[in-house]
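Starting off, we have a lone chain in the form predicted on its own, written out as structure tokens.
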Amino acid sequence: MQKTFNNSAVMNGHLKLKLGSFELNSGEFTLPLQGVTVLFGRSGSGKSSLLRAISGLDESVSGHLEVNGQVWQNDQQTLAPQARNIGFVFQDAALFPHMTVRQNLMYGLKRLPKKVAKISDSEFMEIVTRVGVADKLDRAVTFLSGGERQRVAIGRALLCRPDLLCMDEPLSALDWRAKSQMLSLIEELVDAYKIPLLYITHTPAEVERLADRIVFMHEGSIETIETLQQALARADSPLFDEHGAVSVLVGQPEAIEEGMRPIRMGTEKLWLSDNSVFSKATVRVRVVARDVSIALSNPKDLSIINHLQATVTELIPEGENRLLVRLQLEDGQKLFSEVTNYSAQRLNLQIGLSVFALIKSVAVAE
């Protein structure tokens, strides 16, 4: 699939929309069009409204929008949705129930703009195989599971050769197993086709798994745009839920040893009990701060096998007799640990102190 946007492509805009008592007023924003950008916020914060405004699906949008140097919206003109060449995957898949899988896939192809090259038979089969529906082409969509329906919707979007892919909470109706499979598929597609993705979710775990950057929204406006690591570095991050502070570490999976999967991070290894086969050269590992203990020396006789050398860089009071400790690992990555004030005093924790982070439980971010 041809990649249209270059690595320096950006989206600039300020969009407004009034829907009953709700008002979208994004404020001025600039988004790089590479990788995965997640729109995140509570229900009613304006995520879907902003995505629809970007896509041109709401005619009453005002303001301006420029993408990769092309004007999509201003006071004089508004580019039609089909001219923006966006692939859109809705929350409910939006398939035609009276059509087969093949007919749903072909529906979008018949409406491609003239400037977009037609998909060849080999490209068609490559895409439907990659999304996992090649063996279901002649099946009625009413007999598909929720995950299969979303695979068809994603395939339909990709077959239109989009310059930009948009997904509005595509996993919200799926069970945990289907969500995990779909997250892996989305990662694979972004990596394979290099299509920038705008993705809506209100689930922090999906953000941690997919996001390169995050657009935080509140009451119809963009509050901040941050990289994933910037967002996770904040002690008050909106991504932290009832589990508390979370860190996402990045490393390279290596061959299984003694039934464990080592993840290389600089000169250190993080050991996972997850023996999955990883399709990517780097993986993200999710670590909850409550699962990270601190030791002044490297303990030898201990069932916890993940002992990472670290330096204390910040001590953040949390209330309720607890302290959030920001650590820096040897390769420069940041890790949170949550301890009691008593433990911090007993260890005499202070900025600059060299310690060992003992990680009780880790999981591939999913």
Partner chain sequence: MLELFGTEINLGPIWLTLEVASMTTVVLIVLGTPLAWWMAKMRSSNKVLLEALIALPLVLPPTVLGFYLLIIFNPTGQVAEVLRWFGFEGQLTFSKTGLVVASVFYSLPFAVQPLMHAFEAIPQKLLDAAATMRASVLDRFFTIVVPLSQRGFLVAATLTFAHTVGEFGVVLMVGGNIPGETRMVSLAIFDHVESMEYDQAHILSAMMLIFSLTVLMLVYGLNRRFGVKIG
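Positions refer to the first chain, counted from 1. Note that the coordinates shown come from a computational prediction; the quantities given were computed from them, not determined experimentally.
There is another form of this protein, the form predicted in complex with the partner chain, and it is not shown here; the text below is about that form.
Comparing 160-168, 263-271, 239-247, 188-196 against the partner chain in the predicted complex, the single stretch with non-hydrogen atoms within 4.5 angstroms of it is 160-168. Using a 4.5 Å cut-off to the partner chain in the predicted complex, not one of Arg130, Gln150 and Trp176 places a heavy atom inside that distance. Arg52 is the sole member of Arg52, Arg322, His307, Arg326 with a non-hydrogen atom lying within 4.5 angstroms of the partner chain in the predicted complex. A heavy atom within 4.5 Å of the partner chain in the predicted complex is found for exactly one of Leu296, Leu79, Leu112, Leu137: Leu112. The partner chain in the predicted complex comes within 4.5 Å of a heavy atom belonging to Gln91. The partner chain is not shown here, but in the predicted complex it comes within 4.5 Å of a heavy atom of Gly108. Using a 4.5 angstroms threshold between heavy atoms, Met99 counts as touching the partner chain in the predicted complex. Interface membership of Leu95, defined by any non-hydrogen atom within 4.5 Å of the partner chain in the predicted complex, is confirmed.
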